[in-house]
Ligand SMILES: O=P(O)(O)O[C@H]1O[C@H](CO)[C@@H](O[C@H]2O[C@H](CO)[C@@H](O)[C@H](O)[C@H]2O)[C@H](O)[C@H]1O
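Coming up is one lone chain in structure tokens, specifically the form predicted alone.
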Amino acid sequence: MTEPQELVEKLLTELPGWLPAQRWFAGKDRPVGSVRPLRTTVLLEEPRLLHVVVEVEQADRVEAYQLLVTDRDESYEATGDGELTGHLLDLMAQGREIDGLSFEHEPDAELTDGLRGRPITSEQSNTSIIFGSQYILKLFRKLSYGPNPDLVLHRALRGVGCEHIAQPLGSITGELNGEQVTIGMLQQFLPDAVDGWAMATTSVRDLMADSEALHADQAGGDFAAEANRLGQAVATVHADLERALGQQDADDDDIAATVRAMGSRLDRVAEMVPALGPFVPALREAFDKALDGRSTIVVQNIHGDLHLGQVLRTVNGWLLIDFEGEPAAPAAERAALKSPLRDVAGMLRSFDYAAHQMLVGQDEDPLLTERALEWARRNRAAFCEGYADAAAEAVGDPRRHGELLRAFELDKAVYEVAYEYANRPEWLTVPLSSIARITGEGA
């Protein structure tokens, strides 16, 4: 059997070429300069299972990533080995601590051990492993220093009895360079749940394929009723977060700092993506208008990266998942209090994406484009109406904060421009066309 140090040294020679090919690796936009080990923990002696944290350097970026490694038969990354990942569940069920890594179950949770794991192959920024039909473990591939918002907010929401989350059941935590890091979070698994993106895009396909349906409400798969219920669920989660963790009024300095951050993002992305250049003046004007004529805005803990892929429809209603915030944002930014309107804007952007995803890479078809726009308008309105029905009084109908909501949506679209440019250039037309439309239409 290979000694742990020897196994890690072999691993380090392969990682610069292997990491950029992984869906969860956040540094695909630049070459890997170097990889060095930060800590190695032996979780199991026979068969060997190592938890390895490495530091990846890429130009001016240095980030920590975690790996599970084994040398059973041959050396490989072990998150796809059901027997070995089952050991992680066993350790949480037992409440074990190994060399500074704490495996815990929540105080009121009794876990069944001895289950094999199977990874979800569609995961991107993280790796999730399902155990039986009961549990799902999310491993946070890129490690952030400090408390992880996903774990913190799930625990807070559970504490006030929120009905729109999958219940947290356990965690894996440790220390890195003297600071707390969250390795993984175990939650209730809902095998019959369907994600919102799949439901919404099915509705769009039904509309596009129905030659007799002139309007979105005439197609068999109309999504508006679900969009309305989803709006109510998001508003309820926001209200539950406020009950659990409080809120505060944003003063002029807070709003000014937010607008400056929007402008800074715009400058960075415009320099990187020339196609954004013609829209810069209109975007800057929209961001500046967010300061004008506004009512009091509250800030609180929010989801932070809300879109249709972050919600699940169960037989009992909608659930929100993945409260980490934007994966690319610094930890301090993800943990900061924000306006609930940011989550609303994120979902409005997602409806636009769902409406236009079938048109990406296709020849322009005015009829299909108009259908996509109508579908987006109908479901965006339904979502806002549902949100207004269940919203806390301090927020209310998001549409009454028109200029600020518009600025948040445009800021999200600028973020999407940067993402698509770096990862899916063929999708760049979706956020760019939205920016053109929103800045042209006004509030």
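Counting begins at 1, following the sequence as shown. Quick caveat, the model's predicted, so the values are computed rather than measured.
Just so you know, the form predicted in complex with the ligand exists too; it's not on screen, but the next bit is about it.
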message: Using a 4.5 Å heavy atom cut-off, which residue among Trp318, Phe103, Phe287, Tyr353 comes into contact with the ligand in the model of the complex?
response: Tyr353
query: Which residue among Asn301, Gln310, Ser171, Ser144 has a heavy atom within 4.5 angstroms of the ligand in the model of the complex?
result: Gln310
- prompt: Would Asp343 sit within 4.5 Å of the ligand in the model of the complex, counting heavy atoms only?
  reply: no
- prompt: So, in the model of the complex, is Arg349 in contact with the ligand at a 4.5 angstroms heavy atom limit?
  reply: yes
query: Does the ligand get within 4.5 angstroms of any non-hydrogen atom of Asp240 in the model of the complex?
result: no
Partner contact for Tyr421 in the model of the complex: the ligand, 4.5 angstroms, heavy atom: no
query: Can you pick the stretch from 32-40, 410-418, 378-386, 395-403 whose heavy atoms fall within 4.5 Å of the ligand in the model of the complex?
result: 410-418
query: Going through 16-30 from first to last, which residues have a non-hydrogen atom within 4.5 Å of the ligand in the model of the complex?
result: Arg23
